[in-house]
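The chain that follows stands alone, in the form predicted on its own, written as structure tokens.
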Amino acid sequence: MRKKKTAVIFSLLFLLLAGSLLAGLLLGSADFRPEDLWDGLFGTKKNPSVSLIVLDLRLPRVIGALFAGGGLAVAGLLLQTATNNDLCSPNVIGVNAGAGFAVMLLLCLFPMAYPFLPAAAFAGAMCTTMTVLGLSFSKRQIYARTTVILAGVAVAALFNAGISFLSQLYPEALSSYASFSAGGFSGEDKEDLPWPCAMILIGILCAWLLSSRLNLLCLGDELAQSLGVRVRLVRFLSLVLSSLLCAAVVSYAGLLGFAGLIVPHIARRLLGQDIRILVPFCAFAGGLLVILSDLAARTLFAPSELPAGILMAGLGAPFFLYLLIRRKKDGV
């Protein structure tokens, strides 16, 4: 019965994902009919305008949203599992703040270094992760779940203060930083996608390979150790993988948030606690959520366009409050 339910849920997910991908190519400031899209891309008489809009503008945007959503959702799943805290998400441990500070610092010191913004975001995110892990490390015990979160909050507060400080010293850098901090896929360049998307794909695959160990980790540290799990190593790898995924996403999509919080909760509600099933579901469902958010952001207010990150924050903040209220009712 459970296998049948899982198969039905994944089938519906793939149908929704395929529909969202098609909608992302068809809809926008210039709408196309499916037959016009097909003829413009694969017909004998290709329409140059259709090919230009779809291949150079919309296809990179849709692919970027698909990988960004999948990476953030799997990162959130890893974080929540490793810390045993369902309120944990990538921005909680300071990854976004670290990436944002690195980008702001680069814009302030080298205003014309736009091509290096993705590299700066990636470096900032990874340095933040290493700092958080270093602060929460203890020889006597495994990474403390609460300590990791508190260290992440403290580091995020420090980097946010640094961003505010730099914005006061270099106000001209704020305009460039604003678009990055909002998060989105407007003007996505297909040449910027191969490396981060490859890293996200590898990170998701590694998360799936680690999923059986994570299932044992959910039983408790002592029981997992008795079953042969190296708990400290598994938790460390989970945190590093989640940060790697976040850093790859931030490097081209900006400071997106809340996909890593919402999707793992939906996955557990629908499919249970088996991480081996949750990892692929989160990868596809996260991509679906971000594609739909980006599609709504560029069609609901046409001809104007909102950054996808703003719309996702509008969805994620009420969801976070709902989780807090539910925890309060449950006495957690």
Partner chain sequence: MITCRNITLNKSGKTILNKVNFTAQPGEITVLMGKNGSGKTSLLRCISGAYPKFDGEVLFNKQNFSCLSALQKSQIIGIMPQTLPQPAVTVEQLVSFGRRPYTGYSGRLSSLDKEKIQYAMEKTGIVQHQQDLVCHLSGGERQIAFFAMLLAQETPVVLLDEPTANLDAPYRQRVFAFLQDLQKAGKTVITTLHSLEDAVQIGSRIWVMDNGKMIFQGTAEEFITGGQPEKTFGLRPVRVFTEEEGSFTVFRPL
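Positions refer to the first chain, counted from 1. Quick caveat, the model's predicted, so the values are computed rather than measured.
Just so it is clear, the following notes concern the form predicted together with its partner chain, a form of the same protein that is not shown.
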Is the gap between I149 and its partner chain in the predicted complex 4.5 Å or less for some heavy atom pair?
no
Can any non-hydrogen atom of K190 be found within 4.5 angstroms of its partner chain in the predicted complex?
no
Mark K5 yes when one of its heavy atoms lies within 4.5 Å of a heavy atom of its partner chain in the predicted complex, and no otherwise.
no
Closest heavy atom of C218 to its partner chain in the predicted complex, within 4.5 Å or not?
yes
Just one of 294-302, 51-59, 65-73, 270-278 has residues with a heavy atom within 4.5 Å of its partner chain in the predicted complex, so point it out.
270-278
Can you work out which of P115, G134, G228, P171 has a heavy atom no more than 4.5 Å from its partner chain in the predicted complex?
G228
Using heavy atoms only and a 4.5 Å cut-off, determine which of L87, L209, A198, A161 is in contact with its partner chain in the predicted complex.
L209
